[in-house]
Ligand code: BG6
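First, one chain by itself: the form predicted on its own, in structure tokens.
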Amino acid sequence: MGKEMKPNDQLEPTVFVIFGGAGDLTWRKLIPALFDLSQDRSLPAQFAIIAVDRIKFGDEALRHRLHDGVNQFSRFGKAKAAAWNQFAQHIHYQQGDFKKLPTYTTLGKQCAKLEKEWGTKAHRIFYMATPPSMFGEIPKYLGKAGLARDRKWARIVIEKPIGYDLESARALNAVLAASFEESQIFRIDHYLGKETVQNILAFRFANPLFEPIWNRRYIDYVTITVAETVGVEHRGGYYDHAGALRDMVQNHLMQLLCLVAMEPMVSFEADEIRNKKVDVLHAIRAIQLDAISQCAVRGQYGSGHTAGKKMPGYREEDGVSPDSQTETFVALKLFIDNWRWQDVPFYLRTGKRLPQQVSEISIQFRAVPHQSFPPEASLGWQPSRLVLSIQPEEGIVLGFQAKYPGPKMQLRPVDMRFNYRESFAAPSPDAYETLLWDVMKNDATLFMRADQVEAAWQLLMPVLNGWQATPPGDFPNYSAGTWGPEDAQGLLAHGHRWPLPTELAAPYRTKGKKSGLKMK
């Protein structure tokens, strides 16, 4: 969690096998992340990347394509020729059908050949950067070929979606478990690789200032927002069969909820932390079929304007059915039935074509029990609020009341801001760098366990089933460039409201120096 990637950390020899090695995920994310790790000297001295795919490609052609991806997406910018050439010699291509055993036996021979050249055993990481239809096939063939047999040295990495509902998630987990032990399976969620997400635990449990007030006595409600300005882009075909609930809520937002709400861990062992996350999911109040409208809102964007540009409606996007009933916006109201959180509402929302790209968690504290200041002193008074900002800037903002300068007692809300980019000279690694590093180190802390995946699906199945049984009659029900359907506002109770995104820009400056406070 948040480990510094030290050049002197001696990693054991590793072979990265990327199924779907000629695809977009490999080009855009995986190879740039591995290249960046190599520039930080955070890859083993002995490593190889074997890209497996069905199309006809040679080593040099693949390297040329991947070089272009690194130039575009590396956090170091355009790769220097010497650095790329040194890295590229470790990349190899193998053409093969994912559903034919010879692909895997050839792969096994290639791994054995590398180990013989290196004179030592190597870790084998099998990464499924493929369409979801292959997730249930590749593990079977890895098992048949004996490539999963060595429990300590073989690992498999799987991207979302982990199933499309509870039944398919259980079936996929069963396929994985037939060839791999749970300790070998890394279900990746790139959101958990982000620095702020990881630092939620550090913020809560390393600072005694906040943990005593992290409960129902002091917190009024919690909102979690993951908003996107983009539409479905080139993913229309996939997205129209998934929707926002499956694509974002079941994984990303539920993970954030678990980190905010979990109990203190006894140790920093991976399974100890994951146990606490599962406890949260088990404590969330079940959603009743006859009460879905009281705790869940769905929406689909129509045409509108984003950043001054005219945007098409969802049903006009490529790959989307012209009468699609798929939701592009979801808002949920959840309760966690335990001593810490009883009756504290957790409001979750996510959507596409919203006004701003923002991912943040807002902790709204309760009002003071007695307002002793005169009314004219606190016209702009607001309860204290803590914001954990994940995107577009990573940081933490604490809003509280302060006296405005002058002879009169006047209170104004002010912010105390912490910005990762400004506070630390070291740039934050990309989420995939952190996660690939953890896979190499065999650290499963940031990865989802089978029971956690299934518990999240079980919680959301009544909503999925209810929505499927009752198609929406008002889609599209929000314009591109707005904050979603009006019903999402009605989901909040007791004067609660969705907060506007927090500005985490450079704080207020006085005489050329930074100030920790900024008047609103």
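Everything quoted here is computed from the prediction, not taken from an experiment. Throughout, we count residues from 1 along the sequence that is shown.
Not on display, but discussed next: the form predicted in complex with 6-O-phosphono-beta-D-glucopyranose (BG6).
> Suppose contact means a heavy atom within 4.5 Å; in the predicted bound form, does that hold for all of Arg274, Arg285 and Arg449 with 6-O-phosphono-beta-D-glucopyranose (BG6)?
No residue of the spot touches 6-O-phosphono-beta-D-glucopyranose (BG6) in the predicted bound form.
> Could you tell me if Arg124 has a non-hydrogen atom within 4.5 Å of 6-O-phosphono-beta-D-glucopyranose (BG6) in the predicted bound form?
Looking in the predicted bound form, residue contacts with 6-O-phosphono-beta-D-glucopyranose (BG6) do not include Arg124, since no heavy atom lies within 4.5 Å.
> Taking any heavy atom pair closer than or equal to 4.5 Å as contact, tell me whether Asp247 reaches 6-O-phosphono-beta-D-glucopyranose (BG6) in the predicted bound form.
Close contact exists here: in the predicted bound form, Asp247 approaches 6-O-phosphono-beta-D-glucopyranose (BG6) to within 4.5 Å, heavy atoms only.
> Report yes if any heavy atom of Tyr191 sits within 4.5 Å of a heavy atom of 6-O-phosphono-beta-D-glucopyranose (BG6) in the predicted bound form; otherwise report no.
Heavy-atom contact with 6-O-phosphono-beta-D-glucopyranose (BG6) at 4.5 Å: present for Tyr191.
> I'd like to know whether Asn442 contacts 6-O-phosphono-beta-D-glucopyranose (BG6) in the predicted bound form, with contact meaning heavy atoms within 4.5 angstroms.
Output for Asn442 is no: heavy atoms all beyond 4.5 Å of 6-O-phosphono-beta-D-glucopyranose (BG6).
> With the partner removed from view, which of 248-256, 76-84, 96-104, 392-400 is the stretch that lies within 4.5 Å of 6-O-phosphono-beta-D-glucopyranose (BG6) in the predicted bound form, judged by heavy atom distances?
Checking each option against the 4.5 Å cut-off leaves 248-256.
> Counting any non-hydrogen atom inside 4.5 Å, which residue from Arg187, Arg155, Lys352, Arg349 sits next to 6-O-phosphono-beta-D-glucopyranose (BG6) in the predicted bound form?
Flagged contact: Lys352.
> Identify which of Glu228, Glu422, Asp279, Asp240 has a heavy atom within 4.5 Å of 6-O-phosphono-beta-D-glucopyranose (BG6) in the predicted bound form; exactly one of them does.
Only one listed residue qualifies here, and that residue is Glu228.
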